[in-house]
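The chain that follows stands alone, in the form predicted alone, written as structure tokens.
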């Protein structure tokens, strides 16, 4: 089974990486494709250029072969629709089982996605949750997909697509938005991401535009970003 994990990765951090690795280990996936969204249709425009997000992802995944950076949405023109990505991968892998890996917060907004009613025709959906926290279902999604939830893992491997599986992952209170906010507040972001990614952010002075705007407005900040 191959996993698909998409996102803006703005920037990539240990929350993304740890959850993807846990899914790989728990289900013995052959790999997880980490796919940065070039033009996310359901989220605000990423704060840094696609080339930087791609480079940070590649740095974060260096030295291992279970999580693989995939640039197909960067190379494709137009909005980065997950349906199109899954259809493309399905055409490449034939009947190999696929699983779309999502956080519970993402799954809660599934009804707004492009052709969401057809996603299970292309892949299973794995919904990650924190232990003890129920997954939130939109009513329209529940009516359409409620009968697709399974707990038997053998069904997931016996079919290339068609099921929803909820699983617990190690809770990590890390978010890309919090990292960006910390940079604006001149606070450390060390230990929230691989050192290689942190160094790249420092070297390229990423996420500093908003900081410059704040300073121009007279908000007092430190003279440089400290990271440890």
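Residue numbers count along the first chain shown, from 1. Everything numeric here is computed off the predicted structure, so don't read it as measured data.
The same protein has a further form, the form predicted in complex with a small molecule, not shown here; the description that follows concerns it.
A.B. asks: Are all three of 31, 92 and 125 close to the small molecule in the predicted bound form, meaning a heavy atom of each within 4.5 Å?
C.D. replies: No, none of the three is in contact.
A.B. asks: Sort through 149, 141, 106, 120 and report the residue having a heavy atom within 4.5 Å of the small molecule in the predicted bound form.
C.D. replies: None of the other options qualify; the answer is 106.
A.B. asks: Considering the small molecule in the predicted bound form, which of 165, 52, 68, 43 comes within 4.5 Å of it through any heavy atom?
C.D. replies: Only one option qualifies, and that one is 43.
A.B. asks: Using a 4.5 Å heavy atom cut-off, indicate which stretch of 128-136, 141-149, 69-77, 154-162 touches the small molecule in the predicted bound form.
C.D. replies: Result of the contact check: 128-136.
A.B. asks: Wondering, does residue 175 line up within 4.5 Å of the small molecule in the predicted bound form on heavy atoms?
C.D. replies: Answer yes; at least one heavy atom of residue 175 falls within 4.5 Å of the small molecule in the predicted bound form.
A.B. asks: So in the predicted bound form, does residue 9 come within 4.5 Å of the small molecule, heavy atom to heavy atom?
C.D. replies: Yes, residue 9 lies within 4.5 Å of the small molecule in the predicted bound form.
A.B. asks: Taking the shortest heavy atom distance, is residue 180 within 4.5 Å of the small molecule in the predicted bound form?
C.D. replies: Judged by the heavy-atom cut-off of 4.5 Å, residue 180 is in contact with the small molecule in the predicted bound form.
A.B. asks: Indicate whether the small molecule has at least one heavy atom within 4.5 Å of a heavy atom of residue 102 in the predicted bound form.
C.D. replies: It does: once the small molecule is placed as it appears in the predicted bound form, residue 102 has a heavy atom within 4.5 Å of it.
A.B. asks: Have a look at residue 131 and residue 152: in the predicted bound form, are their Cα atoms closer together or farther apart than in this form, given the change is 3 Å or more?
C.D. replies: Relative to the displayed form, residue 131 and residue 152 move farther apart in the predicted bound form - a change of at least 3 Å between their C-alphas.
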